[in-house]
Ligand SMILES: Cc1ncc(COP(=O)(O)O)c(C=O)c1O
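Okay, so here's just one chain, in structure tokens, the form predicted alone.
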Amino acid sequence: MTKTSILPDPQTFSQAVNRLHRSSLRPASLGMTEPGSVALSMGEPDIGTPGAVVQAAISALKSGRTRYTAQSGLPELRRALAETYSERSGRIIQPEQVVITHGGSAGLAASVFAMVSPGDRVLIPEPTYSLYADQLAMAGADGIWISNHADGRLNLESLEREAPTARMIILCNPGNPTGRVYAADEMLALAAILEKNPHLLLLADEAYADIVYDGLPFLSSLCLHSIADQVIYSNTFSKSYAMTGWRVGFVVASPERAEAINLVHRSINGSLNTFVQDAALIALQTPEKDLAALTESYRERRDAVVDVLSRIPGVSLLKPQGAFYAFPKIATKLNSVQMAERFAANGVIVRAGSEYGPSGEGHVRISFATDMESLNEGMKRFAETVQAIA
């Protein structure tokens, strides 16, 4: 679970690489699992990509859709996304505000590098997705952790205090690793902070926006019309449509910011695979009932995980409201990395909570996006391990 040193001589590499190596808490072995282990570590839907989406890619390949396309993305896909998110947000979004990216990660990176300069202060409500801190380290910015309240709500007081000297807030909603869905009043209060600080940007990662449980209302950052020009919206086809390996993401921003983000993205990545974008167009046509059915299947798995965790002495948990993660806290003398190592030794792979920010220490992250048989076995091993380390 520990990262591998790649820097015998720091002078050999760039300052960006040295900063990243010093600060990154992401494990070097992501996606690797020992034979016989149950992986509850990766945020990857267990279902295959829908057949119609796969067939669209095959048809595109057979018809010769293998050449370069526009560097900001296939025009048809940008138009379709603009129409979809205009309807969802209740405001007009133009195709030139949409940039198609190599997965959500590249969209986030391009947004950071386009909008953040070395030395800028960026506020990160946490615990949250660990990639943000790594990208800020590469950019030379100062990531400022803002711990959420114990009940999972945003620490709006701290955000407001830090806002005047900050360049950006990065918000994951629904949250990875906690499954927290920020309530409408929190989002409106956050918008009010940005209104008072027009220099401040909100980079909103809503990769799990379609995965919300129990009929809970979800207010997207795109619906915060008063700060529309300050919002940079990032999303991906990976989670909603089980297209993790396809690497299709997108960013929505004001026309000027979208142009800057596209400049960075095209300079690093170039245009996205044409046939993959053809497939994404078909994914957008997925009926709402199918998306709801997938969310219901995650809800069943969430309930199974919560049921097991609630019966283990020494474990506490804020019930996940969205996404497909649980973030239990475990009463033990071990730290998060040591706990993750003990779980791995017992054949269940989880992520150390400290990876996701200072308040993640003492926690581990469980992904319940796997099949129910594996999940049940993994949770059995999880419970056994907790009993041994508590």
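The first residue of the sequence shown is number 1, and the count goes up from there. Computed from a prediction, not measured in an experiment: that's the story for all the values here.
What follows is about the form predicted in complex with this ligand, which we do not show.
**Student:** Look at the candidate spot formed by Gly103, Ala207 and Lys239 and say whether this ligand comes within 4.5 Å of a heavy atom in all three of them in the predicted complex.
**Tutor:** The answer is yes: all three residues contact the partner (heavy atom, 4.5 Å cut-off).
**Student:** Is it the case that Tyr132, even though its partner is missing from this view, gets within 4.5 Å of this ligand in the predicted complex, heavy atoms only?
**Tutor:** Within the cut-off, so yes.
**Student:** When the contact criterion is heavy atoms within 4.5 Å, does Cys172 count as touching this ligand in the predicted complex?
**Tutor:** Contact with this ligand, yes.
**Student:** Using heavy atoms and a 4.5 Å limit, would one call Leu108 a contact residue for this ligand in the predicted complex?
**Tutor:** Leu108: contacts this ligand in the predicted complex.
**Student:** Indicate whether Arg247 is a 4.5 Å heavy atom neighbour of this ligand in the predicted complex.
**Tutor:** Taking the distances in the predicted complex, the answer for Arg247 is yes, it comes within 4.5 Å of this ligand.
**Student:** Looking at 274-282, 138-146, 153-161, 172-180, which one sits within 4.5 Å of this ligand in the predicted complex if you count heavy atoms only?
**Tutor:** Among the listed stretches, the partner-contacting one is 172-180.
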